[in-house]
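Okay, so here's just one chain, in C-alpha cells, the form predicted alone.
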C-alpha cells in the first residue's frame, strides 16, 4: 500500500509538532511520501509564516524596510531546527535568501515558507528533499500540466528510492518561474502527488479529527462524520464546513483514491474518510451534516404565463451576468422564480439590476429579500426515507422559524432552506437536535435503490 501524508501548517508550527509528524510517519511504513505546508500558528495570536512572507512582499512593494520581519521568520525556523537537532544551515541559507529578496518575484518569496519547512522536515525524518518546483508543472495560465507533473514525479520517486518530503503550495512553469496555488494549495499538492504516484490513500493531517456534522460554534460537541462521499463533502464545503481545500478532491476523485482526514494532535482518532460512494453498513445517520452561511439576497420575479415565454429566465440571468454577479440558487415556480445571490456581490449594483429587470422583463411583481441565510441539510440517505423534508420543515415550524425559500439538489442529497439571518443559529440547532442528536437509521440491504 502507498500513502501520501500531507501535513498542514498547524502540524508543523513548532518543534513539538514536528516530533508528532515524525511519530506518525514512523508508525506506518506505507507513508512513503510526505507533503508539508509552511509553519503555521503556534498559538491563537501568532502569525503563520505564509502571512509574514506576504507582509514582506507588501513592505518591498511600498519600499519599507523589512529586515526585522525577515529576522523574525529566520528565528522561527532556526528555533525549530535547533530544538530538533537538525544540521541543515538554516540561518545561513535564510540570510542568502534575504540578501537578494528584492530581486525575487512575490510568488517565489511566499513559496519559501514551504521550502524551508520541508528542508527541515526532510532531514528530521531522514528522507530525501524534493523541490516542488522541479516536479509540479504549471501551464502559464495557472493550471497544472498533469501529464508532465506525473512523469517528473514518477522519475523523481525512482531516483529517490520511493520516498521523499515535498513542499506544498507551489510549483513552476516549464521555464522555471515559481507559481503558487490559491491559499490552502498544499492540500492540492498532496492530492496531485497521490494521483500521480498511484497512492491507495491520500491522508490529510490537520488540527481537527475530521469533518464535523455541524459548526461547533453553534452546536456543542457536534458528531464527527466518519464516512462521507465526495458529493456530500462538496455540498457541505460550499456552505463553509470545510477542513480541506475544495479543489483538492478533484485530482484524487477522478482516479478513485479516497481521502482520509486525520488529527496530528490525536492520531488515534478515527477521522473522516471521503470516498466516491459510501460502503454499506448496518446502521448510519440519516443526516450526514448541516452547514450554512448568512447574508444572501433573493430577487423574486413573478409574471403571469411566464412558463409560456421562451427565454424569460435566461434573459433575467443575463442581467445578473452583465453586472458580474454569480448566481447561487434559482428556485422556480410555474409563474415565478427567485435568483439568490451573495449579498456582498450586489451591494453596489442591486438597484441597477432591479431597474434593468423591470425595464427588460416587465414583471408583474419584483421583490427583494435581504438578510437571508441559507442552510444546507446534507445526507446521502435522505432520499431513502420518505418524509425527511417534512420532518425538517415541521421541526422548524414548531420552533417558530419562518422558511423563506426551499430548493433541493438534483442528486437529492441536500435540501437548502432560506431563513432570516436572525434565525440562522437557532435553525441549525433545531435541525441538529431533531436528526443528528437523536436518530440512527438502518441502511438498505444490497440490491435496494442506491
Ligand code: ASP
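Numbering follows the first chain given and starts at 1. The model shown is predicted, which means the values in this text are computed figures rather than measured ones.
The form predicted in complex with the ligand is left out here; the points below concern that form.
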Does any part of residue 414 reach within 4.5 Å of the ligand in the predicted complex? Heavy atoms only, please.
no
In the predicted complex, is there a heavy atom of the ligand that lies within 4.5 Å of any heavy atom of residue 34, even though the partner is absent here?
no
Closest heavy atom of residue 128 to the ligand in the predicted complex, within 4.5 Å or not?
no
Verify the contact flag for residue 187: yes if a non-hydrogen atom of it lies within 4.5 Å of a non-hydrogen atom of the ligand in the predicted complex, no if not.
yes
For the chain seen here without its partner, which of 37 to 45, 416 to 424, 395 to 403, 65 to 73 has a heavy atom within 4.5 Å of the ligand in the predicted complex?
37 to 45
Partner-contacting position among 139, 82, 322, 183 - heavy atom within 4.5 Å of the ligand in the predicted complex:
183
Could you spot which one of 205, 202, 211, 169 gets a heavy atom to within 4.5 Å of the ligand in the predicted complex?
169
Can you name the residues of 1 to 36 that have a heavy atom within 4.5 Å of the ligand in the predicted complex?
6
